[in-house]
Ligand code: AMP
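Here you get one chain, nothing else, as structure tokens; it is the form predicted alone.
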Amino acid sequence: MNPGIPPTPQAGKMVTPEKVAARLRGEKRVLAITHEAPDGDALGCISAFLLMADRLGLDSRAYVPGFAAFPDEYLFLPRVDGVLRGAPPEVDQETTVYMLDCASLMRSNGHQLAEGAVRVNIDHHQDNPAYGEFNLLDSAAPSTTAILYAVFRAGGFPMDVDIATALYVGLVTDTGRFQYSNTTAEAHRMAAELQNEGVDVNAVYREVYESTPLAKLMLLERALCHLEIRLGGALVVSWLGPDDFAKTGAHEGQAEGIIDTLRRIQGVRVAALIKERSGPEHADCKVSLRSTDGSVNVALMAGKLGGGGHVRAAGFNCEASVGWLMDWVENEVRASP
């Protein structure tokens, strides 16, 4: 259903945090890119990277595909408001592209960059195919900001409270407030180190989790009204269409986190939320998938339609109707062990 998906580039060179730090210190211009519909880890990476580029005296920009507004809870992060949107910017030979938290080139428009662009791929998704010319990948890391933190420490780069806060946002959101299975002992040590740098944990909690716009709650209500329980309770699916956003006054970024409410329903193994972005007959949809216990690998599911992610959290875009996608997800879950 997704024609034109480019072939995966040949895997590039694997590098260490020390190698990336040395390269970053010697850069002239850098462009940071993350995936569309960015979450806390993606935007935390962008903010921390741009702030560190400022400290190192680098000419820096950032790009995120699409035009939809970012989730409100992350707008307090410095430099996020200046991120480039729409089509990918031009990249000259003196600019290195840092791909952050991007398992899929399609979800970042990284495949549309000028031929010859050098990409440093920094990510913690287990399905990342190492598409960069240089790849720093660690699927055991609790967040991509954790890998970026390792780069900053390896380079002895100057840390401050703003950079530490951006890194912490990525860590706390991708570990589900230190509740998900990726919450390692190292994650807690990183959190403690960042707090020692001045991170106000309570302030971050209020910004991210206790400043919910009314429109977002109304959007959640619409998603619950559309909810369907399938496969005897093992699967929950819901959808949001243009009318739902129009009637609530919500923007697409305010759908962030709704999928995690759906996954909490007792007995559910997989939750899916479909966001329809055009007409009802043939729609451009964004699909978010969650696996509650990891028994169903939703990253493999998403990969079949050009997406990617983690075993328990993944997503993809597809030109298909909501009904077709709901049935497709059901068939995929039914076929899973």
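From 1 onward, residues are counted along the sequence shown. Since this is a predicted model, take the numbers as computed values, not measurements.
Not on display, but discussed next: the form predicted in complex with the ligand.
Check: Does each of G40, S47 and Y74 have at least one heavy atom within 4.5 Å of the ligand in the model of the complex?
Finding: None of them does, since no heavy atom lies within 4.5 Å of the partner.
Check: For R107, is any heavy atom within 4.5 Å of the ligand in the model of the complex, or not?
Finding: Looking in the model of the complex, residue contacts with the ligand include R107, since a heavy atom lies within 4.5 Å.
Checklist line | in the model of the complex, K216 touching the ligand (heavy atom, 4.5 Å) | finding: Because no heavy atom of K216 falls inside 4.5 Å of the ligand in the model of the complex, the answer is no.
Notebook entry, point to check: Can you check whether V20 is within 4.5 Å of the ligand in the model of the complex, heavy atom basis?
Noted result: V20: no contact with the ligand in the model of the complex.
Check: Does H125 reach the ligand in the model of the complex, with heavy atoms at most 4.5 Å apart?
Finding: Contact check for H125: yes, within 4.5 Å of the ligand in the model of the complex.
Check: Since the chain is shown here on its own, which stretch among 303-311, 66-74, 52-60, 22-30 would lie within 4.5 Å of the ligand in the model of the complex, judged by heavy atoms?
Finding: Careful reading of the contacts points to 303-311.
Notebook entry, point to check: Counting only heavy atoms, which residues in 317-337 are within 4.5 Å of the ligand in the model of the complex?
Noted result: Contacts from 317-337: just N317.
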